[in-house]
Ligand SMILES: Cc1ncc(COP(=O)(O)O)c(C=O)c1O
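A lone chain, given as structure tokens: the form predicted on its own.
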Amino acid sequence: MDGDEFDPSREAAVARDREDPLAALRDRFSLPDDEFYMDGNSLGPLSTDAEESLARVVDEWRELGIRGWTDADPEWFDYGERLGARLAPLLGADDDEVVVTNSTTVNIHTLVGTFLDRLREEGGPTTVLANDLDFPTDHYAIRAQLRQRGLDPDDHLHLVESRDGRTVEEDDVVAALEAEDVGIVFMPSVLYRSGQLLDVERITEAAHEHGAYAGFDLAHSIGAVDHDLSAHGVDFAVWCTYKYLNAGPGSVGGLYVNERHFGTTPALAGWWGNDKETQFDMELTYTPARNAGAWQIGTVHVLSAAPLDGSLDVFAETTIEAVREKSVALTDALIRLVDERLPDCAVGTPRDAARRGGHVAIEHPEAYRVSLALKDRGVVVDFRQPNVVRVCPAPLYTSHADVWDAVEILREIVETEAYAEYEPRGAGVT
């Protein structure tokens, strides 16, 4: 964080909002007047654009039926490739390196499996390097892909251990590459709990220097952080679209494959990944598309992809660099206000903006009950074990005044111990 003087008053927050070039985009989202929605790192809210694009596809289904595959506007047949091209500028990728398809977990399965198979063909090490702060599904999928190849995950999945339980040091990733024989490095761009932003470029460079492929889970960065995947030489990446991309619950996933890997046979082949020119020849021999579309498996999920089409119209009104600039400003203000006004709370997110994603981890011994108290007072957040309230001031619809008001509500809860009215955590969604 910069050392400049910060004015913690609400008046200053309102003044910053008056200078916000993205402020008008807030009106595109359905946000209750009595709520502060600070959970866009988990599920983004509905925009009018997403709602309209979904309604359009439903109307096309009603009016065109099966003709929608060719006669809808845009036609459904190449929905995944077209949306991939729309996402490419947010990723720093070429259009044909990106496709919208499957779910995040399925995409981890197919891509990790693909590169494990390539390593076997090349005689390389069939080992994966991840870390002990990953989102669990990444490990579930990696371990499953190792088992399917007769490899013991306990021997073939190596973990970089966090030094502090919050962050992962890139130095430790490099050290692990030097100490272990690694075939694939698979890391998140942003850690889901603490919000730490990892150095994708450095990790990719280190992986390649040691003969390993570099893959990333971008679920907590796409739509909030600008990426340059192709220039950095990233081999593959996956993500969801329901967080900062605001495409709705269960919306379609996405993947990136660097063009130098085009022509590789995917580990999970399916007819929708076949070359488009021959797909309806119905040949029993699979011919992969010569682009990222090869990693599609089944028929494109049009209804779960349609809202993304609309939500990307919002992004088209600005640039990902402008979105990132505002995100940094909001999280910076949030951290400073926590420091200034919440002595009983700690910040578990890196203060350096270059190491911070789009949300802030606020730590408190009673974080779970604090999160419940916040929700009951109109501040929508979530809890993560063991002591983290995740607060996400997503830049497309959150103001500096929103951040100030949310912190004020949090201050009152903590100071009065209003959280004591709530039961300790049991099972269920948090």
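Note that residue numbering follows the sequence shown and begins at 1. The structure displayed is predicted, hence computed values, not measured ones.
The same protein also exists as the form predicted in complex with the ligand; that form is not shown, yet it is the one meant from here on.
Undergrad: Which listed residue (Asp235, Glu97, Asp217, Asp309) meets the criterion of a heavy atom within 4.5 Å of the ligand in the model of the complex?
TA: Of the listed residues, the single hit is Asp217.
Undergrad: Please identify the residue among Val323, Ile203, Ile142, Cys240 with any heavy atom within 4.5 Å of the ligand in the model of the complex.
TA: When the ligand is considered in the model of the complex, the option within 4.5 Å is Cys240.
Undergrad: Does the ligand come within 4.5 Å of a heavy atom in each of Phe77, Glu81 and Thr101 in the model of the complex?
TA: So, no: the whole triplet misses the ligand.
Undergrad: Report the stretch among 242-250, 110-118, 328-336, 158-166 that approaches the ligand in the model of the complex to within 4.5 Å, counting heavy atoms only.
TA: After filtering at 4.5 Å, what remains is 242-250.
Undergrad: Can Phe262 be called a contact residue for the ligand in the model of the complex at 4.5 Å between heavy atoms?
TA: Contact with the ligand, no.
Undergrad: Is it the case that Gln148, even though its partner is missing from this view, gets within 4.5 Å of the ligand in the model of the complex, heavy atoms only?
TA: Flag for Gln148 set to no.
Undergrad: Is Thr127 a contact residue for the ligand in the model of the complex, using a 4.5 Å heavy atom cut-off?
TA: Contact check for Thr127: no, nothing within 4.5 Å of the ligand in the model of the complex.
Undergrad: Consider Phe135 of the chain shown here, and say whether it contacts the ligand in the model of the complex, taking contact as heavy atoms within 4.5 Å.
TA: Yes, Phe135 lies within 4.5 Å of the ligand in the model of the complex.
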